[in-house]
Ligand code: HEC
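Below sits a lone chain in C-alpha cells, taken as the form predicted alone.
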Amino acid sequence: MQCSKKALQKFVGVAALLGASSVHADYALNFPEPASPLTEEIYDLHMLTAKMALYIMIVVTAIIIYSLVKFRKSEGYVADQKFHEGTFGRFGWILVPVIVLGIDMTIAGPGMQTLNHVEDYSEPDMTVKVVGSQWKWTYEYLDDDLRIVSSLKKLEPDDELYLRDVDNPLVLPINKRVRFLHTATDVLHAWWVPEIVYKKDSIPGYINETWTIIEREGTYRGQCAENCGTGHAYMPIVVKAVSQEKYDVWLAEQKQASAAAAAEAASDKTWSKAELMSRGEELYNKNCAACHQANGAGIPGVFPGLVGSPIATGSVEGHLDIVVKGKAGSAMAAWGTQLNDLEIAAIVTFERNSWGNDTGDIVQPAAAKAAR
C-alpha cells in the first residue's frame, strides 16, 4: 500500500508540473525555455499536446480501473451479451471518433498557425550558411564574407561541458531576424538548438532554410540531431547571442583576423619544417584525428590509417590532390574549400613526417595553391 501511495504522489506531481504554466518550463525532463518567438510557439504546442495526452490518460485509466472493480466476476457480474443492441452500443462507434476528432481539431488550429510561421520566408536582417561535415560545423556569414569553423573543444570527461563545448561558437545579435541556410558536405546532418531554432536536415547538394529572432542574450547549446556516423556525438553546437554593439565589435575583430590569416597564407614566405609541423599538428588534431586518429592508425575497415600509407609516403602531388579535392564515394572531404593554402601545406607536411613517415618532405603553400 505504501508503494502505491508513493507512485500516486509521483504521478500527481508530474501532472501538476505539466499543468502549471509558471513552473513547467523548469521541469528537468522538459524542453529548455525558448528564447525566440517561433520556438516559444513550438514549446506551447508541445505543452498543449502533452497536457491533452495526460488528461486523456487519466480519464481512460480511471474508466479502466472503475470497470475492473465494478464489473469483476468475483462480485457476480455477468457480461452483457446484447451490449451492441443498446443505445451506447449502437452510437458509441460514432461518439468516440467525434471526441477524438474534437481533440485533434483543438490541436490542429495552433498547429497550423505554428507550421505557417515555420515556413515563413520573410526578408531577414542577416543570413548565415550552416554547413555540416564529419564532424564539425562551418558558418558562413554571407552578408559579411566571413567564415567560421566550429569544432568540438576537447575537455576532460568530468568537465560540466564535456562534449558540449566548441572552439568557435556561432555569434549572433539579438532582436534580428536571422536566416539559416543548411547543407552538408558528406552525409546527412541536422543543426538543432531547441531554445532558438527548430530542426531541419542538412542534405548534401541541397539547401534547407530555417530562421530565428533571438530575444535575449545568452549562450545556447545544441547538437547534430541526425545520426551522421561514428563521430555523431562529437559535433555540438554553441550559439552566443549578444547585443548589436557587442556583435559589431566581434565582427570587426573576426574580419581583421581573417584578413591577416589570408595575407599570411598568400605571402611568399618560405616556411621552415618546424613551423609547418607545429601548425600542422594542431590542424590535424582539430580536423583529421576524428577519422584517422591522433596516432595516424585510422579505424580498420572504416577509415584508412596514414602510417606508412601510399598516400602519406607517396608523391607529394597525389597527397595534396586527395586533401584538396577529397575522394568521391568516401568520407574523405574536399578540404580545399575549408582550409587555406598554408593550412593544407602544414597538414600534408605533418602527415608526411609523423608516426614513422619520415619522408623529409616540406610542402609550401605555393604547392597547395597549385593543387587546387
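Heads up: residue numbers just count along the shown sequence, starting at 1. No experiment lies behind these values; they were computed from the predicted model shown.
Omitted from view is the form predicted together with this ligand, to which the following refers.
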- Task: With this ligand left out here, work out from 165 to 173, 95 to 103, 280 to 288, 79 to 87 which stretch has heavy atoms within 4.5 Å of it in the predicted complex.
- Result: 280 to 288
- Would you please decide whether Ala331 lies within 4.5 angstroms of this ligand in the predicted complex, comparing each non-hydrogen atom pair? yes
- Task: Evaluate Val302 for contact with this ligand in the predicted complex, applying a 4.5 angstroms cut-off between non-hydrogen atoms, and reply yes or no.
- Result: yes
- Query: Going by a heavy atom distance of 4.5 Å, is Ile311 a contact of this ligand in the predicted complex?
  - Reply: yes
- Message: Whether Trp335 contacts this ligand in the predicted complex should be assessed with a 4.5 Å heavy atom distance threshold; does it?
- Response: yes
- Task: Kindly indicate whether Val187, Lys199 and Val238 are, all three, within 4.5 angstroms of this ligand in the predicted complex, using heavy atoms.
- Result: no
- Query: Considering Ile322, Leu54, Leu48, Val316, which brings a non-hydrogen atom within 4.5 Å of this ligand in the predicted complex?
  - Reply: Ile322
- So which of Thr210, Gln134, Ser151, Thr114 reaches within 4.5 angstroms of this ligand in the predicted complex, heavy atom to heavy atom? Gln134
